[in-house]
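This document opens with one chain alone, in structure tokens, the form predicted on its own.
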Amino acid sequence: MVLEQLTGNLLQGLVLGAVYGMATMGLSLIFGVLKVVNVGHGAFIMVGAFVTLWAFTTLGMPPLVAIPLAFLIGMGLGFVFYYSAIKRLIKAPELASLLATFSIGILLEEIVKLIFGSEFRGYNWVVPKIDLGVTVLPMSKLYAFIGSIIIALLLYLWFNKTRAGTAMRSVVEDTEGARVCGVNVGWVYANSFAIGIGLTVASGVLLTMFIPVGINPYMGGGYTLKAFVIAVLGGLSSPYGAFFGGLVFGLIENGSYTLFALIPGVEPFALTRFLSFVMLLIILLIRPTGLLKAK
């Protein structure tokens, strides 16, 4: 019985891990190119969740259709915040960019609170379910899983098959060398930040397809913690590493929850969150660069 439950939870964890990984790719992309740590990461995920809620309840738009809309909104926000704040802090001390992204996150939370209120919300997207024997998987989770893989593949193709992607990789390798070769480094920075934020906002759509309840302006904090653990797990500068780190994290999170539930007198969810901090500490001590190198 326990083995069956563990197998089912691991399968669910693999599906959720793909979404976690995709949600972290934007964070790793921004750090890899701009060397800016976006501590307001979870607030942009929250924006994506509210885009989904608004599109579903107001426009009758299925969450799948809301993904490109959320990405475009995220890119727009990325350009606005880059040119209004981040651009001035590229060469500034790290604390300046940390405070800036933290402030941006707070600003987004308060704006969304002003528009939608602070109460918890959710939506009910009726879709079929698949019985896999060890677990029952709603099609919405499967859509989120497939969507995460497709987005990760599109990002890979964009990086490796387009001139813009090549320019971005050249800036990561050698900023001054890329500038000498005619690459517009300023535009690459702006584009990277916008794409990173676009990916993050789009991931909010995918996360609501997995967990369509509990949408509120302050929901991003927990996702920020998980994103940093996953980013360090996969290599902070590697978007692809972040995706595979998300898969590993999803398996560990759901698998450990099953095992912690066997311990009498403890709260499995609280221990699972504690495990996230332990994982982060161990990885930083053993391999500070993460499992995969920056690419």
Partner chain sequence: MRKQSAKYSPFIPVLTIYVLIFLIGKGVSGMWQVMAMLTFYCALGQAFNIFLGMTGYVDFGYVAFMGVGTYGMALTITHLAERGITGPAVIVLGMLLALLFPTLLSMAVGAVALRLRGAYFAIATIGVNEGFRYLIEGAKIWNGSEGIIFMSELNRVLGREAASSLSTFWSDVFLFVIATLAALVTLYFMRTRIGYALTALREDEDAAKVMGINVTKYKIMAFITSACFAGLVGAASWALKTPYVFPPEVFEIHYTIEAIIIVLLGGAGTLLGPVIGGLIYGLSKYYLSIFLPGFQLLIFAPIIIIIIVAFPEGIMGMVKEKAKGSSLARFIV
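Note that the structure is predicted; figures quoted are calculated from it, not measured. Positions refer to the first chain, counted from 1.
What follows is about the form predicted in complex with its partner chain, which we do not show.
Peer 1: 134-142, 174-182, 83-91, 68-76: which one contacts its partner chain in the predicted complex at 4.5 Å, heavy atom to heavy atom?
Peer 2: Going through the listed ranges, the match is 83-91.
Peer 1: Does at least one non-hydrogen atom of residue 240 fall within 4.5 angstroms of its partner chain in the predicted complex?
Peer 2: Flag for residue 240 set to no.
Peer 1: Give a yes/no on whether residue 37 approaches its partner chain to within 4.5 Å in the predicted complex, heavy atoms considered.
Peer 2: Heavy-atom contact with its partner chain at 4.5 Å: present for residue 37.
Peer 1: Do residue 280 and its partner chain share at least one heavy atom pair within 4.5 Å in the predicted complex?
Peer 2: Yes, contact at 4.5 Å.
Peer 1: May I ask you to check whether residue 121 falls inside a 4.5 Å heavy atom distance of its partner chain in the predicted complex?
Peer 2: Contact check for residue 121: no, nothing within 4.5 Å of its partner chain in the predicted complex.
Peer 1: Looking at 194, 155, 168, 100, which is the one with a non-hydrogen atom within 4.5 Å of its partner chain in the predicted complex?
Peer 2: For this set of options, the contacting one is 100.
Peer 1: Of the options 190, 211, 149, 111, which one has a non-hydrogen atom that comes within 4.5 Å of its partner chain in the predicted complex?
Peer 2: Answer to the contact question: 111.
Peer 1: Which residues in 123-158 have a heavy atom within 4.5 Å of its partner chain in the predicted complex?
Peer 2: None of them.
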